[in-house]
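Taking the form predicted on its own, here's one chain by itself in structure tokens.
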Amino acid sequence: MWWEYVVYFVNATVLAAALRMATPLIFASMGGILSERSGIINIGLEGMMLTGAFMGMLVTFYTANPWVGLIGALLSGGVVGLVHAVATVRYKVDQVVSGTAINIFAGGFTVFMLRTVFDVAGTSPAVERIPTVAVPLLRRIPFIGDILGHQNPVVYLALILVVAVHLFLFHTVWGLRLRAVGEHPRAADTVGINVFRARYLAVIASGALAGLGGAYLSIAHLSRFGDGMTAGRGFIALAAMIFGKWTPFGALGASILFGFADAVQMRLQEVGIPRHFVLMLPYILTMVALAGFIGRATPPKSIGKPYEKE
């Protein structure tokens, strides 16, 4: 019966996997929202995630503490975000070109560092990882407990982050100022808001969050770094941000949708569908989502436009 196929692909096990797959997208899309709400396009999320994944592994390797590695990933992502901010805010470099350069640099940098530090090509040695935890109260809830009751702490951190970013953007004065900078920087400057500082902080925070998303892959989901392990997730996070109309909860829903596609591909391989076709599923869904929604999504009015102070 058809419902048996639905249950096979839509059940608590698949949804729990979807949430795990969505976690790096959630971090990166929240970072993208902060950056683009300030008016700065951040195509470099992929490179920031890749840098965070590598540095999270490297710091964990030397400290044997994945939580310290998570902090290292956050800081390294923030540094790359700072580079993007200096280039786009201070020197008014084309924002897409700057982000593309960061992606290319990160790919080469991580490969070079793998060879330099570990004398290997492709995959780092295994490191300590952040273990999953069981939440007793959640585990007792039927169905929901099977999805949320036994996850990695970083997954819960991602969900908390969504609420925090929403509250920041729509329920604080600082969030209102950030949105004003992205919508009409001249008017924001007129009322005393420091446009440059707001954009610097937003882009640095964007890089830091993307770094956390990358670190989830290398020291929480897995326990090692692999060459190119982000595999386009930074671009999928951008798609989730646009699909979610630059709102935290919208981006969360889109991230889980893309994560679900990632989780379903594993089930599709079990029923005999060719592996290479199945691996395309998340990316096909990304293109379909963008083709259907990008025309109807309205970005911040001053996005991509350098601000010239009079």
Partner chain sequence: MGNVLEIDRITKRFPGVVANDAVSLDVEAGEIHALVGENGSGKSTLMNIVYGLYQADSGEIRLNGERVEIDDPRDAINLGLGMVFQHFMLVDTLTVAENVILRAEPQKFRFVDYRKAEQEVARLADAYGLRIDPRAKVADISVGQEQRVEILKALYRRAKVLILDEPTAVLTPQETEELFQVMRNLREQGTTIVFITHKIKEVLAISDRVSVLRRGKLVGTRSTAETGHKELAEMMVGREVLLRVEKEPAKPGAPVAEISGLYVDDQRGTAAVKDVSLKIRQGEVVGIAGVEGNGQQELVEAITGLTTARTGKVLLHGEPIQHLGPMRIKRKGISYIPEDRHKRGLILDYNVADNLILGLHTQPPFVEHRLFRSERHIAEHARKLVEEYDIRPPNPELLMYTLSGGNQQKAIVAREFSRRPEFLICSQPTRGLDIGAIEFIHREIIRQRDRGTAILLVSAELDEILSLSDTIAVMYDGKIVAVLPAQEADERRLGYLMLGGDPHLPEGDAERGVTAT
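Predicted, not measured: the structure shown is a model, and the values here were computed from it. Numbering follows the first chain given and starts at 1.
Just so it is clear, the following notes concern the form predicted in complex with its partner chain, a form of the same protein that is not shown.
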Looking at Y91, F112, F170, F143, which has any heavy atom no more than 4.5 Å from its partner chain in the predicted complex? F170
Of A187, V97, A126, A134, the only residue with a heavy atom within 4.5 Å of its partner chain in the predicted complex is A187
Choose from 216-224, 190-198, 74-82, 151-159 the stretch whose residues reach within 4.5 Å of its partner chain in the predicted complex, heavy atoms counted. 190-198
Is A180 a contact residue for its partner chain in the predicted complex, using a 4.5 Å heavy atom cut-off? yes
Since only the chain is shown here, I'm wondering whether L176 would be in contact with its partner chain in the predicted complex (any heavy atom pair within 4.5 Å). yes
